[in-house]
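Below you'll find only one chain, the form predicted alone, shown as structure tokens.
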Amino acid sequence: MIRCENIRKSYPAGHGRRAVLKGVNLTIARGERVALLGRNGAGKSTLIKQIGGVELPDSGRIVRHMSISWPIGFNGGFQGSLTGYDNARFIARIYGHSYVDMRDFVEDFTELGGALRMPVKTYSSGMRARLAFALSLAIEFDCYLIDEVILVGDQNFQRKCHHELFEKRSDRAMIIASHDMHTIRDVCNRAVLIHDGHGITFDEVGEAVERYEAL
């Protein structure tokens, strides 16, 4: 289970601060697939970063009783001067994972070929997204955090992502931020609409999508 309790987050803006999350509460059980809906800038990615531990909330707390991936769409954890292989080796060491297994998976999944021997700072955004997605899936987590930015690339890569994540890991919990309502309706069983800094929970995904589209 993951439980967010009264999460508040603001950022500097001019001479003051802009409140993005104003007391969001959310509980995710094992195996649940929760959609995060909201306009651009509503706070979807911000909440994902709080849950993943990339950022800390201003107040409130997050209780984690499941292993959680870093946000799949987030590649800020890469060391740009290291190669794709070196980044994979570093992550494998941190998580106690076999580097050989991770290397083989990354090679097959990303299809980046010789680029894996090049510094990540030379990668395009699409190449970085492929590497970030592959490294996230090379380690098994109880809950996957998914930001829509990773749903890019050609159709073949998107099909590969869909199979690896939504089919092979159908028993895992997921928190998905996306504007793709087809994907949301297809894979999620609950939704949270973030509006004006607050989270409104819906047990029916269709109802949440209707409210979101009305905004």
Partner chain sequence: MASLAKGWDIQKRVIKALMIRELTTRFGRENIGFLWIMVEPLLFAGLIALLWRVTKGPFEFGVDIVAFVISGYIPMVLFRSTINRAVSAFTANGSLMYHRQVKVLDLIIVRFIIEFIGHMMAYFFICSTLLALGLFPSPHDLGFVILGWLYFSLFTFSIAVIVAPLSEMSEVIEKIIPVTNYMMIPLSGAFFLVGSLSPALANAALYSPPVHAMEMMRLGIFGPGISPQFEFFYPLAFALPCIALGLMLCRRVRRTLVIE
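The shown structure was predicted, so the numbers you read here are calculated from the model rather than taken from an experiment. Positions refer to the first chain, counted from 1.
Keep in mind that the form predicted in complex with its partner chain is not shown, yet the notes after this line are about it.
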property: Contact residue in the predicted complex, from Y144, Y123, F109, F78 (heavy atom within 4.5 Å of its partner chain); result: F78
property: Position in contact with its partner chain when the complex is considered in the predicted complex, options E164, E32, E55, E148, heavy atoms within 4.5 Å; result: E55
property: Heavy atom of each of Y11, K49 and G96 within 4.5 Å of its partner chain in the predicted complex; result: yes
property: In the predicted complex, R103 touching its partner chain (heavy atom, 4.5 Å); result: no
property: Touches its partner chain in the predicted complex: W70 (any heavy atom, 4.5 Å); result: yes
property: L82: touches its partner chain in the predicted complex, heavy atom cutoff 4.5 angstroms; result: yes
property: Any non-hydrogen atom of R64 within 4.5 angstroms of its partner chain in the predicted complex; result: yes
